[in-house]
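First, one chain by itself: the form predicted alone, in structure tokens.
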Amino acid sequence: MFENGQRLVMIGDSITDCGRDRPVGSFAGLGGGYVSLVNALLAVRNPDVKLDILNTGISGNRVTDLRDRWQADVLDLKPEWLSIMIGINDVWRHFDRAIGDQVEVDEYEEILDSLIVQTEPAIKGLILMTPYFIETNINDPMRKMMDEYSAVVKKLADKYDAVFVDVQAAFDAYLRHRPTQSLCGDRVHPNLTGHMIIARAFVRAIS
């Protein structure tokens, strides 16, 4: 799938950021989360394929923030491959911010679609990762809303023939055997095990 020397940009929120270097995380500065683990897993699987992986995640970002920095943090970096995981904060702000602008699901779809449209001609491949909520009760209000935003990601992955990474499904499989508390305390920011779940889902999807 990937070819030697190609560049993969991975953009998103705090889950992608995870302490990466500024202005762009690369090599040893990819952060302490799934991006570093993806880099390691791909290197182990195909040591003959050396990828230039760049991390441009920023904590707290919503899809509107990605739109505002898209030129500098995606297009100017000229990747062959692009991975996007965004939506957690778009949903979370509905629950922890009583006032202020909210990104509704239709706006989320419209913006994400527009970013893909302007980027797709310049890249070889697109990887779309669902947002997630580490909660087994699908009727939990935040989990229910997160699933709506995840459905948008699946819809766009089908529309643009992108690689689809169902991160929520990967967490759900784990949670059939172990509790949420084994991964995190806030149902959003995972420990290393949680980041490995994301990284494994990513590698399996691109395979």
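Just so it is clear, the model here is predicted, and its values are computed rather than measured. So that there is no doubt, residue numbering starts at 1 and follows the sequence shown.
One more form of this protein, predicted together with another copy of the chain, exists but is not displayed; see below.
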Quiz item: Would Lys78 count as touching another copy of the chain in the model of the complex under a 4.5 Å heavy atom rule?
Solution: no
Exercise. Please check if Arg178 has a heavy atom lying within 4.5 Å of any heavy atom of another copy of the chain in the model of the complex.
Key: yes
Self-check item: Contact flag, Phe164 vs another copy of the chain in the model of the complex, heavy atom cut 4.5 Å
Solution: no
Practice problem: Determine whether any heavy atom of Arg45 comes within 4.5 Å of a heavy atom of another copy of the chain in the model of the complex, and answer yes or no. | Solution: yes
Quiz item: Any chance all of Phe2, Asp90 and Leu115 sit within 4.5 Å of another copy of the chain in the model of the complex, going by non-hydrogen atoms?
Solution: no
Quiz item: Only one of 131 to 139, 70 to 78, 103 to 111, 118 to 126 gets a heavy atom within 4.5 Å of another copy of the chain in the model of the complex; which is it?
Solution: 131 to 139
Self-check item: Residues within stretch 184 to 202 having a non-hydrogen atom within 4.5 Å of another copy of the chain in the model of the complex
Solution: Gly185, Asp186, Arg187, Leu192, Thr193, Met196, Ile197, Arg200
